[in-house]
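As C-alpha cells, one chain now follows by itself in the form predicted alone.
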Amino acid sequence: MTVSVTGATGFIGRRLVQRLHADNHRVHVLTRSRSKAELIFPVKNFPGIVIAEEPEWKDCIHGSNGVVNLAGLPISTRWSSEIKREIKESRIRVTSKIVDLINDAPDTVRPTVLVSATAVGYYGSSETQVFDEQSPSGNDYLAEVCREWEATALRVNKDVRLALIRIGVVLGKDGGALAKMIPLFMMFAGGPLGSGKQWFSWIHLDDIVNLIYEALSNPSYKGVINGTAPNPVRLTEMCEQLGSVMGRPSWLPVPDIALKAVLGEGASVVLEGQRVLPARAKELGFPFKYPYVKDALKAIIS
C-alpha cells in the first residue's frame, strides 16, 4: 500500500511509520516541519519515505491507498485558554484539510480508506458508567473536541471507508502519559493519583499501532472503534502494578496537586477517568497482544 500519515512524528505516528516501512509499504509523512520529520525518519534508516510539507500534501494524498490522520497538539499538557483553543483547532484544521484533499481527488487517485484518530474523551468522565461505541457523548470540553473532530472526519466522501479510532491512554516507553507518571512515581514512591477510584482506559502502544494497521487493510473495520485494551483498571490498580514492576512501594498517594503541576488541567483526563470497553474490536476478532495492564507495564519497563 501507499499510506499518507499526519501526526507521523508523534508518539503513535512514529511507531506506525516504522511498522509500515518495515512491511515494505510506501509511506508519505505529511508534516508541518520537514526538519523535525527528517530527524525522526533519517534517509539512511528509512529509504524511500516521502516527507511532505503542506503544499505537497495534495500530491501525496492523491494516489495513496490509505490515509491515517493522527495530528493534534498533545492534551497531557498545561491547559490555558490559548492551549485549549489550539488543542481543538490543531485537530479540526488538519482533519478538515485532509478530508477536503481526499474529496477533491479524482476518483482514479482517491484513497479508499481514512483512519482518523479521536479519543475516549468523547464519552466524558464517570466512575460508575461503562462506555462502548454505542454510548452517547459527554458534556465536557474534551467531549466537545472529540465530537467536532469526528464530525469533520465524517464529511469524507461516502465511497471512502472511514474508521474512527477513539484512543485511550497509550502506554509506551518514550512518550505519552506513562513518561510523565514514572518520574512522579520515583519521587513519591508512586501511589494512586487523586482518589484512585477513577477508571483508567489504557492501551499498549503496540496494540494501538496494530489496530490502526489492521483498520487500513481490513474492510470490516469501519465506523467508530474504541482503541482501548479489554481490561480497563482503576487507577489504584494501575499504580500498584506500575509500582510492583518498578520495584517501588505504592502506598503513598501522589497528590492531585503534583499531577496538576505536571499535566495542568490536562490532568483531568487521568484524574476523572472513564471505563471504556473495545466492544467493536472484540467483535472484529482483533488480537490484543497486551489485554492486561500488568503484562503491558512489564513489557514497557523491562
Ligand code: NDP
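One rule holds for the numbers: they count along the sequence shown, beginning at 1. Source: prediction; values computed, not measured.
Beyond the structure shown, there is the form predicted in complex with this ligand, which is absent from this document and is the topic of what follows.
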| item | value |
| --- | --- |
| Candidate stretches 83-91, 101-109, 213-221, 129-137, one within 4.5 Å of this ligand in the predicted bound form by heavy atom | 83-91 |
| One residue of V160, A143, I182, L73 in contact with this ligand, assessed in the predicted bound form (non-hydrogen atom, 4.5 angstroms) | L73 |
| A117 within 4.5 Å of this ligand in the predicted bound form, heavy atoms | yes |
| Interface membership of R32, this ligand in the predicted bound form, 4.5 Å heavy atom rule | yes |
| Exercise: W149 in contact with this ligand in the predicted bound form, heavy atom 4.5 Å | yes |
| F286, heavy atom within 4.5 angstroms of this ligand in the predicted bound form | no |
| Stretch 1-21 - residues with a heavy atom within 4.5 Å of this ligand in the predicted bound form | G7, T9, G10, F11, I12, G13 |
